[in-house]
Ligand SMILES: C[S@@+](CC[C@H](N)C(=O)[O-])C[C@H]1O[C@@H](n2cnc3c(N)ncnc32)[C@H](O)[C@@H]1O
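The data below hold one chain only, encoded as structure tokens and taken in the form predicted alone.
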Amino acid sequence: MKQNIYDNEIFYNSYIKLRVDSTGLNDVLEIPAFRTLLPDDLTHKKILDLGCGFGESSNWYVSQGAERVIGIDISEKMISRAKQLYQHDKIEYRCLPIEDISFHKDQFDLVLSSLAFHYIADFKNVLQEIYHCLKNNGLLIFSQEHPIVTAKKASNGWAKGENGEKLYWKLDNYNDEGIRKQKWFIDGVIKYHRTTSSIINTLIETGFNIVRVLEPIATEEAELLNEVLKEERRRPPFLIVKAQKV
């Protein structure tokens, strides 16, 4: 199922407010960790940005020297915003589901994806398409919600005490892979749960070599500015994987 949740007016406005206010974990945790896995030099690199959203990362890659970036996103609202905010002659934005990508063989040096793969039903097929369009020794770097997070079927993963304090994260149904319907701004947001071993083994079976795996936490500086971030040490919110076509 290809769910275009970001074109829902309520969801879209809530998400944009979250990013503009920098109150989500993207800016203080996921993006900094993600970028540590990128090559030191992006000069002359051809990049495919899957789930590019409103184009912030696509634009950053160009600012770091990328020769060409193609940004893919299923949301018309996101692509429209990307063209308004981050239009560049080295960036091409396409409104397209990630599941429908089809590019020439050996076209890209890097395929990058930030927090999109947990929305994909057919993970294996997408990996095969990515492998096809990557150059030899090319890199796939992606982040997603951690399987410890996606495993939950309850509306809230935290068990709380009488005063609302977070007691522990409820890990259950971990090996029961498949659809999870959750509330995030609105009801019925569909995500797909896979175990960590399933994610890693599918990459290996496709032909990728696993280079590095991160379960990032916020920096001490960020935690000093926002005490709530310390709670993220209690369970990993994100999984970030760097894999190479071999």
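Because the structure is a prediction, the values reported are computed rather than measured. Numbering starts at 1 and runs along the sequence shown.
Below: the form predicted together with the ligand, not depicted.
In summary, the region of this chain contacting the ligand in the predicted bound form, judged by heavy atoms within 4.5 Å and restricted to 38 to 46, 196 to 204, 173 to 181, 52 to 60, corresponds to 52 to 60.
Taken together, 123, 129 and 134 are entirely out of contact with the ligand in the predicted bound form: none brings a heavy atom within 4.5 Å. Proximity to the ligand in the predicted bound form, defined as a heavy atom within 4.5 Å, singles out one entry of 110, 91, 82, 115, which is 115. Contact annotation: residue 96 falls within 4.5 Å of the ligand in the predicted bound form, judged by heavy atom distances. Proximity of residue 86 to the ligand in the predicted bound form: non-hydrogen atoms within 4.5 Å are absent; the residue sits far from the partner. Among residues of the shown chain, residue 19 is one whose heavy atoms approach the ligand to within 4.5 Å in the predicted bound form. Contact annotation: residue 141 falls outside 4.5 Å of the ligand in the predicted bound form, judged by heavy atom distances.
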